[in-house]
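This document opens with one chain alone, in C-alpha cells, the form predicted alone.
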C-alpha cells in the first residue's frame, strides 16, 4: 500500500535521519548506503517500525558459579537465620545471629521486605540492587537451575538428571540452552531469533542478537548468529588502529600513509565479485561485517542529546568491564532505530565467581562491580524513558535477567577467613529487573537451608539444593513477555522440555512465576 510522504511528522523525519547523519566512517559501498536510506525511510513511513512495540531482553551471566547463598540471607526473625549463621561459618555475612564468627551479633546485610515472607537481607555490596528491589523494579527467582525433569530428594537416584551435573562447562551450556538431557545444539536465545527475527524485525539492518562479551552458547544457533561489539562499539578489522584511527582521517577519507593505503586497497578488494562460490561467500561475509559495523557505530552515536550515559555511569562509579558492556547495550538500545529491530537480545558477562578459595576477598569486590553496573544501566533506562527526544521508549520495554553456572555448597571448605571458599553446587537464585518486572518479591520456592534436608542432594553433598524451578520455566516466562505466545508450537520448539514441569503461566498453580506480565498480542 502506498504511503503519503506529506504525513511524515517533523519528529519522525528527524529521527529517521539521525542514523545516517552520524556516520563515523565511510560506508562500504553504494548498496550499503541505499540500505540505510531505505531503512530510515521505512522508519519514517510507518508499518512494522521500531516504536512502541519495541522490547529488549538483556542477559547478564556470572561465570564461575556465583555463591547466591550470600546474596539472599535469612536474618534475625527468620527461622533459617540460625542455620545460615552456623552452617556458613567463616564465609557467612553477619546476619544478626551471635556465633563464634560473629561474637557481637552484628547484622551487615541490607534488609529487604518480602511480602508474606520472613525477614531477609541482601549482600552488603548490592546497594543498587536493594534499592531496585525496594522500588519494585527487581525481583528474585529462588532455587532455579538446570533440570531434565522434576526432581526431589526421594527420586534423585531414579530420575533423569542433567548431564555432567556440577561441571562448569556443561552447566553453563545447559543454562544457555535450557535443555539438560541432550547434547547441545543451540541456545534458547538463538531459537527465539531463528523463529521470530523475520516476523518481528521487518526493517532489520543487523542481527537481533548482540553480544558485548564475545561468543556464547545462549546466542549460538544453526541459522542465526549474534553481532559482537566491544565496550566502545563494534569490533573493527585488526591492524588499522582503534576504529581505523591509523587508516582514516576524521572526515572518513583514507590517510596517505601506508596503513591508509593498505586499508583502501582492502576495501576495494572487498567489492570484487568472485566466480567461485566459496570465494564469493567469503567476500560477502567480510562485506556484511563492514556494513554491520557501520550500522552499529551509528546506533551507538545516536543517543538522544538529553541523555548522558557517560555521566550516569560516572555517577555510579561504574567503570568495570561489565559496566562498560552494559553501557554499550544502553547506547544500542537508544540507537535502536538505526538497526531497525523491534526485538533485540543482548548478552554481557562477568567472570571470577569460581571461589573455591578466598571467597571473603573475591566475592564482595565482584558483587560491587556487578551492582554498580546494573545500577547505572537501570538509571540509564530510566533516563532514556524521560527523554523528550526519544518519546517512543519506555522503561518497561527492557527486561534484564541474571544467570550463573550454578550455586555453591552451603557449607564452606575451610575455617580460615582468608582462604576458605565454597564448591560447586546446583539450585541457585537469579534476579530480574526492569520496568515490566513485578518486583519487590521472591518467585519460585525458597529452599530449606539444611544439609541433608528436603532440598539437599543426598549422600553428603554439603548443601547442594535440588532446583524447584527449572531454567525452562524461568526462561519461558521471559520469552512469553518478549512475544512468544503461551501454548504455541514456537514455545514448544524453543523449550521442548517445558511440558514436563508445572505450567509457569498458571497463576492459580504453585509454580509462582508471575514476575512478568503475560504477552498480549496486538489487536489487528
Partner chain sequence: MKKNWMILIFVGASLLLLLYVKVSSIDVANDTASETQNNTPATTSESVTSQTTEPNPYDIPQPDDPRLTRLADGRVLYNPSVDASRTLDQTIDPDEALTVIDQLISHYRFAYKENPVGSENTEITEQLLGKNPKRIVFLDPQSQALTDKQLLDQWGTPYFFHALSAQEMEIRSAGPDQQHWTNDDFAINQAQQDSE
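Numbering follows the first chain given and starts at 1. In this text, all values refer to a predicted model and were calculated from it rather than measured experimentally.
We do not show the form predicted in complex with the partner chain, though everything after this point is about it.
Undergrad: Is residue 165 close enough to the partner chain in the model of the complex to count, meaning some heavy atom within 4.5 Å?
TA: Output for residue 165 is yes: heavy atoms within 4.5 Å of the partner chain.
Undergrad: I'd like to check something about residue 113: if you look in the model of the complex, is any of its heavy atoms closer than or equal to 4.5 Å to a heavy atom of the partner chain?
TA: Because no heavy atom of residue 113 falls inside 4.5 Å of the partner chain in the model of the complex, the answer is no.
Undergrad: Determine whether any heavy atom of residue 424 comes within 4.5 Å of a heavy atom of the partner chain in the model of the complex, and answer yes or no.
TA: Output for residue 424 is yes: heavy atoms within 4.5 Å of the partner chain.
Undergrad: Is residue 356 near the partner chain? Define near as a heavy atom within 4.5 Å, in the model of the complex.
TA: Yes, residue 356 sits close enough to the partner chain in the model of the complex that at least one of its heavy atoms falls within 4.5 Å.
Undergrad: Scan 413, 99, 448, 108 and let me know which has any heavy atom within 4.5 Å of the partner chain in the model of the complex.
TA: Selected residue: 413.
Undergrad: May I ask you to choose, among 257, 104, 169, 250, the residue with a heavy atom within 4.5 Å of the partner chain in the model of the complex?
TA: Contact with the partner chain in the model of the complex is made by 169 alone.
Undergrad: For the chain shown here without its partner, which stretch in 143-151, 356-364, 293-301, 187-195 has non-hydrogen atoms within 4.5 angstroms of the partner chain in the model of the complex?
TA: So the stretch in question is 356-364.
Undergrad: For the stretch 79-102, return the residues whose heavy atoms include at least one within 4.5 Å of the partner chain in the model of the complex, in the order they occur.
TA: Counting only heavy atoms within 4.5 Å of the partner chain in the model of the complex, no residue of 79-102 makes contact.
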